[in-house]
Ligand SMILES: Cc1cc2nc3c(=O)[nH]c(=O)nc-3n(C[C@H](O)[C@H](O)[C@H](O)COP(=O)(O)OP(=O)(O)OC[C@H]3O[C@@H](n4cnc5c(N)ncnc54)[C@H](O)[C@@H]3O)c2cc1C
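In structure tokens, the next block holds one chain alone, the form predicted on its own.
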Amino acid sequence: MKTTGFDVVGVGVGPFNLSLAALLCPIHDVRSRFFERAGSFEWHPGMMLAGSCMQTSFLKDLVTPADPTSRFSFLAYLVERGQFYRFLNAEYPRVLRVEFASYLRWVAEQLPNLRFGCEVREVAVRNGQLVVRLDNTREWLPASNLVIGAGLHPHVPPGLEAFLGRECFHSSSYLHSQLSVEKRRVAIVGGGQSSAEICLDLLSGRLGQAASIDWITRRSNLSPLDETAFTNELFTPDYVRSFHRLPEERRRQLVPQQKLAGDGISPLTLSQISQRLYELECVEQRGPVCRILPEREVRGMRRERAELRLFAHNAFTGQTEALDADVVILATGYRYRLPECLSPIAERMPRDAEGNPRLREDFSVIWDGAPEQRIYMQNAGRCSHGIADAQLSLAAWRSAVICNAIVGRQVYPVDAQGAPIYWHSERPPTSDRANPAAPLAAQALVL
């Protein structure tokens, strides 16, 4: 059986490639196919805690910023399910994460250009053509454009990998852990939203009454997410383009300075934790339930009989502290890693100081392939495009930029109205003018 090639092949189907697939779907002269090894669409199933909310507006869904008339919008989802008026009347400040996950699955179930249970195993160049090999065939599938959306990987601090198991695990599998904390000592490592939601869940008693909770973070305090108006300018096309124009070293300096714009704790969650601790310790008089331990960096762990002993450096005092726990939950975030399928061509991609491929403004990879062999990367440009790269805020805009570059014309508007903040003395050129995309190469594809 012979296979046919595509104008666009997507590797992985997370929210970012799902957004691009939705925007490509109505463009009938573009043949696209997105492959995902999982059997169905999933989005952080291990962290769908009851009551947890999105940190972005529902209008920043998969498509609305690029095409508000799309049938794949969150509003279209509400209307089809007969929930539009109920949703408005409920007056949620943010969408529940479990409902947004339901919306994402709804879009995935409608798109004809997705294939689940099928993994891209290898990417290569053969006879001058970019090709991919799938796990269910030995044949090579031609691809004029490749879009990598394989997602981030759970990060485990160095030295702790050997302890992973039932008593020590990453937060990404929290709901799958079948955990009971009844009369057990729990340590949470991390200072972002995930660690806060896990702490709040443990305080609820849903998993039993923990003997104690130690919440350990390198941060100087439990810091709130900065959602104020001018901080949100960091999540605009104008800022991303301005950021990309900077020298690499300057970009690397800016990213950690902006951490709390995208990686803080929701003020509502912080209030809920504070109130719950007051109820438990002051109203119910249970004594100290949770210790919040800032300025601590976990630098090692040791198993002692049935317990785990963590060793943390206290930057506030300069001392090393030992903390004992029965359960350790690592809410230590995610890191980008080049997908294994790119190994055959990985050496052809120059890297930045973080070890990631260098990206053009239109999110295409700089590599030594022919100009018509375009590889785009989603969620790999934190140090090239700024902190918004990993957030859903600009997912639809980035997909529109990639879509326009692939088809060689402006299908979707990507030039938002100028912001009141001028990062440069003049505004940056638009992505279409700065990186003119070559039209789609016409090719005969044989069945």
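These numbers come from a predicted model, not from an experiment. Residues carry their position along the shown sequence, with the first being 1.
The following text describes the form predicted in complex with the ligand, which does not appear among the structures shown.
The ligand: the contacting residue among G151, P157, P294, G369 in the predicted bound form [heavy atom, 4.5 Å]:
Of the candidates G151, P157, P294, G369, G151 is the one lying within 4.5 Å of the ligand in the predicted bound form.
Heavy atom within 4.5 Å of the ligand in the predicted bound form - residue from L260, C118, L200, M301:
Of L260, C118, L200, M301, the residue with a heavy atom within 4.5 Å of the ligand in the predicted bound form is C118.
Look up in the predicted bound form whether V11 has a non-hydrogen atom within 4.5 angstroms of the ligand, and give yes or no.
Output for V11 is yes: heavy atoms within 4.5 Å of the ligand.
With a 4.5 Å heavy atom cut-off, would you call W43 a contact of the ligand in the predicted bound form?
W43: yes, in contact with the ligand in the predicted bound form.
Contact flag, C341 vs the ligand in the predicted bound form, heavy atom cut 4.5 Å
Contact check for C341: yes, within 4.5 Å of the ligand in the predicted bound form.
Quick one: does N379 come within 4.5 Å of the ligand in the predicted bound form, counting heavy atoms only?
Heavy-atom contact with the ligand at 4.5 Å: present for N379.
At 4.5 angstroms, heavy atoms only, are S70, F74 and I406 all close to the ligand in the predicted bound form?
Not a single listed residue reaches the ligand in the predicted bound form, so no.
Interface residues of 40 to 76 toward the ligand, as seen in the predicted bound form [heavy atoms, 4.5 Å]:
Contacting residues: W43, H44, M47, M54, Q55, T56.
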